[in-house]
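Single chain ahead, by itself, as structure tokens, in the form predicted on its own.
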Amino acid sequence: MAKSNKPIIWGTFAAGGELVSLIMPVLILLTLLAATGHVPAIFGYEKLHAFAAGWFGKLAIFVVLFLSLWSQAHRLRITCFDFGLRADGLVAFVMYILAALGSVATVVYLARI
């Protein structure tokens, strides 16, 4: 029986899709509150920086961004195919390379905090 990488891709797609649908509305709401100057004290700069500086915060931020990037890379790959771009190998390569670069950039950025 032939081995396939599809479970890995579909797993990150499913996990990322769930995470995006649950976490992103909250992040959008918090961003809107911050833009209007109504930020709760718990979401102040000092507290969020302290969270992001700890190992758990870095891990949480990485997981959210990693799964979001890979989920959306796969979604864009399928969207390109639906729009008639039939060079699936090239599109998959480009999308997944961009997701990998975004993941590496996330690690580099989080290491600087």
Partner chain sequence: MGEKMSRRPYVREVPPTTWYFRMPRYMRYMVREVTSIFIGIYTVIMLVGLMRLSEGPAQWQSFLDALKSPGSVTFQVLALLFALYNSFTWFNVAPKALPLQFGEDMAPDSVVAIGHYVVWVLLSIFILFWAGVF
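Between two forms, the rigid core is defined as the largest C-alpha subset superposing within 1.5 Å. Predicted model only: the values in this text are computed from it and were never measured. Positions refer to the first chain, counted from 1.
Omitted from view is the form predicted in complex with the partner chain, to which the following refers.
Engineer: Do V94 and the partner chain share at least one heavy atom pair within 4.5 Å in the predicted complex?
Structural biologist: Answer no; every heavy atom of V94 is more than 4.5 Å from the partner chain in the predicted complex.
Engineer: Tell me, yes or no, whether W55 is in contact with the partner chain in the predicted complex, where a contact means a heavy atom of each within 4.5 Å.
Structural biologist: Heavy-atom contact with the partner chain at 4.5 Å: absent for W55.
Engineer: Just checking whether I78 would be counted as a contact of the partner chain in the predicted complex - the rule being heavy atoms within 4.5 angstroms.
Structural biologist: Answer yes; at least one heavy atom of I78 falls within 4.5 Å of the partner chain in the predicted complex.
Engineer: Does the partner chain come within 4.5 Å of any heavy atom of A87 in the predicted complex?
Structural biologist: Residue-level check for A87: no, no contact with the partner chain.
Engineer: Within 4.5 Å of the partner chain in the predicted complex, which residues of 53-86 have a heavy atom? Give them in sequence order, or say none.
Structural biologist: Heavy-atom contacts within 4.5 Å come from I61, V64, L65, S68, L69, Q72, R75, L76, I78, T79, D82, F83, G84, R86.
Engineer: So with the core overlaid, does the Cα of F62 end up 2 Å or more away between the shown form and the other one?
Structural biologist: No; F62 is a residue whose C-alpha shifts by less than 2 Å between the shown form and the other one when the cores are overlaid.
Engineer: Superposing on the rigid core, I want to see if R75 changes position between the shown form and the other one - specifically a Cα shift of 2 Å or more.
Structural biologist: Superposed on the core, R75 moves its C-alpha less than 2 Å between the shown form and the other one.
Engineer: Look at A53 and decide if its Cα position differs by 2 Å or more between the shown form and the other one after superposing on the rigid core.
Structural biologist: No, the C-alpha position differs by under 2 Å between the shown form and the other one.
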